[in-house]
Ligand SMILES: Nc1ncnc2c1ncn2[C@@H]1O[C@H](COP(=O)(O)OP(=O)(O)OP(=O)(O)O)[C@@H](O)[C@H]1O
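What follows is one chain in structure tokens, specifically the form predicted on its own.
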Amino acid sequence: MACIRAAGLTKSYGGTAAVDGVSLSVEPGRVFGFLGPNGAGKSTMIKMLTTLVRPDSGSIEILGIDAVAEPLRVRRRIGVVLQQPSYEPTLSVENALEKYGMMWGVPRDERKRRAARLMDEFGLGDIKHKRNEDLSIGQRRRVQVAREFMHEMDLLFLDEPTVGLDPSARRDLLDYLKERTGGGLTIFYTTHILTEAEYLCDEIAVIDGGRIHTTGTPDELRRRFGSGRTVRLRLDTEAPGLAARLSGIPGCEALPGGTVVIRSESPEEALRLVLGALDGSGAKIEEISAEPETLEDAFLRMMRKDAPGS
């Protein structure tokens, strides 16, 4: 049975369709990535799935429950971390976690055990006595995510959960989420950081203009839309006038320090033109490397193909 099943969802504001006939299915124990540019409909979609906003039409089934007819049953079994900050300013980190456990009816001794474990797992031990209002943005975000794990849940919605986190804290969180899905948790994950989606998600849906344009695994999306490659040339010297020599070659860029980058669907042809442009410059190629297209490259190419007039 699918953990999330949505069919024909629509939602409009003031005559503008924020979500326009979206259908999707998410299997249990997976991380489902939901990607799209700003204003694509991601936030509206996640609010409908978490029962915060009622759809204009369509159906939503969460964990086998009709989410439109029985929203309270759904809320008891899910966790939600929205993009907007949410914290108790005057409570310490430790007390905030315990209060959240109390709200969910977790017994006192178990609350203390869970809070202690989560403070250790999220690196909050050194600041457990600090009030939330005295924390940095990244620290508050870690508390906000850790707080959801104070109660048992089958499905977790995370909307841009790594906002404000430094690279180390971001990777720690992603690894933690991977571990929890290994234990059976399902995660619905929105992010604008494509490397996160590539690292974490089992499946990805791309939404734009309120409609889902494609779904697939990160590898499938790269193969489907990532027809290009990146080629880098390292020169032994920064040849005078190099940028001018390369200016007419599509997808070619001269970087400081004598590096040339080619981003092209036909890198072999572009490389031939670059070699011709370098002839007589006095620069010699010391190293050539080719890199496969990333999910971010494929995503940008996908958005260009779907743009009006493309």
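Residue numbers run from 1 along the displayed sequence. Just so it is clear, the structure is predicted and the values come from calculations on it, not from any experiment.
There is another form of the same protein, the form predicted together with this ligand; it is not shown, and what comes next is about it.
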{"property": "Answer option from E198, E160, E94, E148, heavy atom within 4.5 Å of this ligand in the predicted complex", "result": "E160"}
{"property": "Listed residue that, although this ligand is not shown, lies within 4.5 Å of it in the predicted complex (heavy atoms), from A277, A270, I60, A40", "result": "A40"}
{"property": "Listed range touching this ligand, judged in the predicted complex by heavy atoms within 4.5 Å, from 41-49, 240-248, 22-30, 62-70", "result": "41-49"}
{"property": "Close approach of T217 to this ligand in the predicted complex, 4.5 Å, heavy atom", "result": "no"}
{"property": "Contact of S136 with this ligand in the predicted complex (heavy atom, 4.5 Å)", "result": "no"}
{"property": "L9 within 4.5 Å of this ligand in the predicted complex, heavy atoms", "result": "no"}
{"property": "Partner contact for S86 in the predicted complex: this ligand, 4.5 angstroms, heavy atom", "result": "no"}
{"property": "Residues from 10-26 in contact with this ligand (non-hydrogen atom within 4.5 Å) in the predicted complex", "result": "Y13, A18"}
